[in-house]
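As structure tokens, one chain now follows by itself in the form predicted alone.
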């Protein structure tokens, strides 16, 4: 069985006002940071507000005052975070968050969240939370403890889909798929007008996409393997634009279960018939964000067959 851990780890860091732009650090700085996580930069797109780098494992976005990095597989994102903290002191840092979620095969990871927490808290005072039941889907977050107030439009949403089905899923697992075919399948230009896109089709399959428009971003990562399929979508689109995009992705990919994680944004989705909300959690974080976590699933209609290992 071919297996790849699609589940991402994620860091976001914001510098205090008056600091030199992070974009001015240049690509070599970010190449080194990405290498600390055991990943590489594949390509990039740029506009006057943001640099978006597509990675061998997920994505990196850099704005003047902040950066966001996601890595999947067995990457060591915590090492990239500790490397960043060697260059920027607590006095320069306005806010930092570090997230991990439940993995399909956590024993294959280079570290656990608890071990990451030890590494981070040794460099940066902070607090950690778990949203969701430990024996089900859940999300961990560590955040710096210094007071912080995000901008009014600083809101993000993540849609994490598991066990995708239907014609789109079949195509994403097909040996005959092409980059042009995947683009046509999703119709990114129609779904997200005026965005610049950068994408990559992996061998034998797997797909990543970054998109930017001004300071807005979207990122998509697809691990289509049948036994462990996983698709993530993350963005800072406003609520009016977000809803139709999420609904379209759910209709197209027909996941058997999915998580919705948001910061300072209450999402409302057009769930398909039969979908039930299994779990939900909400936490007001001291750094000015309300984090929401919801897990949905389609109950199986028949017993699942055992998988011979």
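This structure is a prediction, so every number in the text was calculated from the model and none was measured. Numbering follows the first chain given and starts at 1.
Not pictured, yet referred to below: the form predicted together with another copy of the chain.
Q: If contact means a heavy atom within 4.5 Å, which one of 231-239, 123-131, 207-215, 150-158 is the stretch that engages another copy of the chain in the predicted bound form?
A: Correct option: 123-131.
Q: Within 4.5 Å of another copy of the chain in the predicted bound form - does that hold for a heavy atom of every one of 42, 53 and 190?
A: Negative, none of the three is within 4.5 Å.
Q: Could you work out which of 194, 203, 227, 180 is the residue within 4.5 angstroms of another copy of the chain in the predicted bound form, going by heavy atoms?
A: Spelling it out, the residue with a heavy atom inside the cut-off is 227.
Q: Can you pick the one in 112, 90, 174, 82 that has a heavy atom within 4.5 Å of another copy of the chain in the predicted bound form?
A: Filtering the options by heavy-atom distance leaves 112.
Q: Would residue 106 show up as a contact with another copy of the chain in the predicted bound form if we use heavy atoms at 4.5 Å?
A: Contact with another copy of the chain, yes.
Q: Heavy atoms within 4.5 Å of another copy of the chain in the predicted bound form: does residue 245 have any?
A: It does not: once another copy of the chain is placed as it appears in the predicted bound form, residue 245 has no heavy atom within 4.5 Å of it.
Q: Within a 4.5 Å heavy atom cut-off, is residue 299 in contact with another copy of the chain in the predicted bound form?
A: Close contact exists here: in the predicted bound form, residue 299 approaches another copy of the chain to within 4.5 Å, heavy atoms only.
Q: Contact between residue 278 and another copy of the chain in the predicted bound form at 4.5 Å, heavy atoms?
A: Residue-level check for residue 278: yes, a contact with another copy of the chain.
Q: Within 286-309, which residues have a heavy atom closer than or equal to 4.5 Å from another copy of the chain in the predicted bound form?
A: The stretch touches the partner through 297, 299, 300, 301, 302, 303, 304, 305, 306, 307, 308, 309.
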